[in-house]
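Here's a solo chain for you in structure tokens, the form predicted alone.
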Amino acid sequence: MTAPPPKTRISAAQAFDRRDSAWWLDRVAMMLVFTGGISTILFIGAIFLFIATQGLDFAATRLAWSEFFGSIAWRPNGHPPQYGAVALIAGTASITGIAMFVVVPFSLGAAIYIGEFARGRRREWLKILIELLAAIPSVVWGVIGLHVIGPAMTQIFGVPSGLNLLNAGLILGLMAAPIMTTIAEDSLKAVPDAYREAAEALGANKWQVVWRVVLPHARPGLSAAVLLGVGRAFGETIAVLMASGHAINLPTSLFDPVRTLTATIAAELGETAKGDDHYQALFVLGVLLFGITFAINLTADSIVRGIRRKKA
């Protein structure tokens, strides 16, 4: 038998050095994680502060809030100028509503099929195609709405212009579908397989398992996916600018041209003099858009937290 190797002795100084280096490494890692976590909050706060300060003087002293929230007339270069945002808010909300009406059934259906029914290479190919759909730039979607969907609507429905509410809603729905489908599919995958196996052991078929077991347990993630799609559609700019007709109008039909908050800011900000009333009014629209987006995200978080609290 060979003798065991002699144990190496570590001095107290070496042990202290090792503990000291490990302590410093732990502290550096903690600081990096903390910085990464807090940076998002700081960036959002800085963005909101910048937007708010650019329009603060106009909003506090010269903007008529009754006109801003009570008039459809947006004529910053008129005599006198008018800053009514009702038509812009209505256009943004109506396009988002059409987009969600189109995209939610298809996105959730695609997520259910990919997560629960598709298998093997078919599932992988479908996921790749959805990710490729998400990679299409928004300006390309705008060109599709301008030169493909618009002329098709003119021929099919006989409307004078294909650039309207329905066109922009369809484009936004297609743009929001990939992220909504991906998040919904991840939510379905998060449901434990034991739930599915227990339901199948009781005699449930595949669709009953999905409808009675999987969807109720995936509801928080599905709600988050829908609301994230709403936020995606609400903040889109270029595609809406190209496909909606960009006309200040309260929509009464699916074929009416409309204008959104984001498209107004994008189209007019480059034509204004920095610091004048028109410039500051556009930043007031930016604050309004920021607040609506924040409210959507807060609502999504509240829904998810409430559902989780009921389950607990």
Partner chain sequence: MASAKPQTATANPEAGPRWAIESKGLNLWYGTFQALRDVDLQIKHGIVTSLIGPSGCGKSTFLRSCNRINERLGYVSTTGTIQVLGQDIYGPDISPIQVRRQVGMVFQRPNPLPLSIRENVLFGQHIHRDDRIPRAEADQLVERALREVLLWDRVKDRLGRKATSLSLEEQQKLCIARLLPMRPEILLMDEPCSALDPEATRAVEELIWELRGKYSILIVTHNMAQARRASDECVFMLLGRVIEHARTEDMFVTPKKPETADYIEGRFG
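Predicted model, so just to flag it, every value in this text is computed and none were measured. Numbering follows the first chain given and starts at 1.
What follows is about the form predicted together with its partner chain, which we do not show.
The partner is absent here; in the predicted complex, the one residue of 126, 73, 204, 143 having a heavy atom within 4.5 Å of its partner chain is 204.
196 is the sole member of 232, 189, 196, 219 with a non-hydrogen atom lying within 4.5 angstroms of its partner chain in the predicted complex. Although the partner is absent here, residue 215 is not a contact residue: none of its heavy atoms lies within 4.5 angstroms of its partner chain in the predicted complex. Taking non-hydrogen atoms only, residue 77 never approaches its partner chain to within 4.5 angstroms in the predicted complex. Contact annotation: residue 208 falls within 4.5 Å of its partner chain in the predicted complex, judged by heavy atom distances.
Note on the interface: of 133-141, 94-102, 196-204, 169-177, the segment with non-hydrogen atoms within 4.5 angstroms of its partner chain in the predicted complex is 196-204.
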